[in-house]
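Starting off, we have a lone chain in the form predicted alone, written out as structure tokens.
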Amino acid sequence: MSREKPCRTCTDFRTWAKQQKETYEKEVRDSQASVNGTRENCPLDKDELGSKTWAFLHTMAAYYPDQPSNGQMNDMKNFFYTFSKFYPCHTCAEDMQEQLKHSPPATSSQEELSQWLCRLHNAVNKKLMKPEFDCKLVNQRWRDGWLDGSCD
């Protein structure tokens, strides 16, 4: 018998919450065991670090205010400049510092920041000969979920 995704409307809250926790813990265990066939809890390699870093940055941009204060705009700009100085991959950090000279962070709105970051990420993908992402889809990918409901 296959276990279906817990249904919020068919189950009392306590049972549903327990099912959610069990499902989440199983997914975490499964994903940790299968990450590139490596052991669990090992230091990240360059590719893993890059992937997780981009996920963090895009998610941060997705939840940036639509109308940030001047302080928020300055803090976000400073974050990217500081981040580029301390990123653990020296080559990547230098590349980002160079990118920031040509294209400083655009922080006047969530949309602007997300689009700027998408273009920055695509520039890196192009250098690495990876496919580029359609920047029109950033909010679906990092904030709202896909229109087909696959993230629900």
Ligand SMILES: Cc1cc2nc3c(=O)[nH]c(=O)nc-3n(C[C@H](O)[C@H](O)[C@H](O)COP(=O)(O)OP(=O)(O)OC[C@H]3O[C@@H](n4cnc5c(N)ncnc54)[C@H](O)[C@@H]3O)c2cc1C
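Note that the structure is a prediction, hence the values are computed from the model and not measured. Throughout, we count residues from 1 along the sequence that is shown.
What comes next is about the form predicted together with this ligand, which is not displayed.
Complete contact of Met76, Tyr81 and Leu113 with this ligand in the model of the complex (any heavy atom, 4.5 Å): Spot residues vs this ligand: no contact at all.
Taking this ligand as it sits in the model of the complex, is Asp47 in contact with it (heavy atom to heavy atom, 4.5 Å or less)? Flag for Asp47 set to yes.
If you check in the model of the complex, is Arg143 within 4.5 Å of this ligand, heavy atoms only? Residue-level check for Arg143: no, no contact with this ligand.
Partner contact for Tyr64 in the model of the complex: this ligand, 4.5 angstroms, heavy atom: No.
This ligand contact in the model of the complex: Lys130, any heavy atom under 4.5 Å: Contact with this ligand, yes.
This ligand isn't shown here, but in the model of the complex which of Ser108, Ser103, Thr59, Ser51 has a heavy atom within 4.5 Å of it? Filtering the options by heavy-atom distance leaves Ser51.
Listed by sequence position, which residues of 102-140 have a non-hydrogen atom within 4.5 angstroms of this ligand in the model of the complex? The stretch touches the partner through Cys118, His121, Asn122, Val124, Asn125, Lys127, Leu128, Lys130, Phe133, Val138.
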